[in-house]
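To begin, one chain is listed below as structure tokens, in the form predicted alone.
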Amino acid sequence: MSAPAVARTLPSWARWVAPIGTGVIGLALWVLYVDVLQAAPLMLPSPIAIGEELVLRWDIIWEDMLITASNALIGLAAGSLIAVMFAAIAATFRPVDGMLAPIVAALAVIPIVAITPILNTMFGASSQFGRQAVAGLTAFIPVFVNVLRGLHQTTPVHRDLFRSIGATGEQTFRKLTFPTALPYLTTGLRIASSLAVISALVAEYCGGPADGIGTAIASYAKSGHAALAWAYVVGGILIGLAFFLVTAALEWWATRRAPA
């Protein structure tokens, strides 16, 4: 029996059991390494100690999670909106597409740790805008690239067909262009959501107001509170998972509604 045939015979529950089992095995090895063998470095506490800190300090961790999630969400929303607008312009006017290409390429290679201190200083140490701007810049790239690709998916045959039946530009966009590009938009959002969370965390780590998950991780790691710092890391993971699951659900919905 071929490998694809074997893959098709696997039960659906295996897709969920496999990652859960891998996580359980990883935690067991972690406990063995830290608590039983006691061979771990100082800044790698037991997952049990991390869990205890997560439960005991949940109130303050939750407050910082809300700040980080807000920065990531605002950056994701603003960056995605701007990306969709520029992609629509680039898809309509080819000279604009050519002019935007080098700018997008330059933005894609800007190091987050290099631009964050500049933005934090530019907008003030008490403002969250610098962090949101970093998240927005990071989210802009994948959304722009994917939406532009989606807008180019409609063929001349499809557009000619709509023109032949007297469809207006608005009707063509609503019935043809937008449904075709929608799965590409949601794919870009799924990619951008994780990048926005990571960027917000890095921006908080690099300075700005004394709040947020990234700032707390840096502060507690430097002061030797390893378990609490790792508990904040778990908080950041939870934010990233929430963003990913929501955007993945949107992508699944858009893919099912995509025109054939």
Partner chain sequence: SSSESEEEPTTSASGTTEDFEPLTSVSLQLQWLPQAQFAGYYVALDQGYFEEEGFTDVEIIPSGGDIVPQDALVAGDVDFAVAWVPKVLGTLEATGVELTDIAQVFHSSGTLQVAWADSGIESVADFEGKRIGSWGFGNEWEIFAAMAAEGLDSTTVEITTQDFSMNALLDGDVDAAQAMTYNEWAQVLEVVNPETGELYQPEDFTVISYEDTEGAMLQDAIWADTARLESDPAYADAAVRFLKAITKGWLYARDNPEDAAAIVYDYAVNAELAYPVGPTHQLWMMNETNKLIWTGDDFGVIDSAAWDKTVAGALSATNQDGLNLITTEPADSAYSNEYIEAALAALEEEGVDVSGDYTEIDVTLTEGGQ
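Residue numbers count along the first chain shown, from 1. In this text the structure is predicted, and so the values were computed from the model without any measurement.
Below, we refer to the form predicted together with the partner chain, which is not included among the displayed structures.
**Student:** Spell out, yes or no, whether the shortest heavy atom distance between L228 and the partner chain in the predicted bound form is within 4.5 Å.
**Tutor:** Flag for L228 set to yes.
**Student:** Is V55 close enough to touch the partner chain in the predicted bound form, meaning at least one heavy atom pair within 4.5 Å?
**Tutor:** Flag for V55 set to no.
**Student:** Even though the partner chain is not shown here, does P209 get within 4.5 Å of it in the predicted bound form, heavy atoms only?
**Tutor:** P209 belongs to the contact set for the partner chain.
**Student:** Within a 4.5 Å heavy atom cut-off, is S219 in contact with the partner chain in the predicted bound form?
**Tutor:** Yes, S219 sits close enough to the partner chain in the predicted bound form that at least one of its heavy atoms falls within 4.5 Å.
**Student:** So which residues in 27 to 58, when you check the partner chain in the predicted bound form, have a heavy atom no farther than 4.5 Å from it?
**Tutor:** Residues within 4.5 Å: L42, M43, R57.
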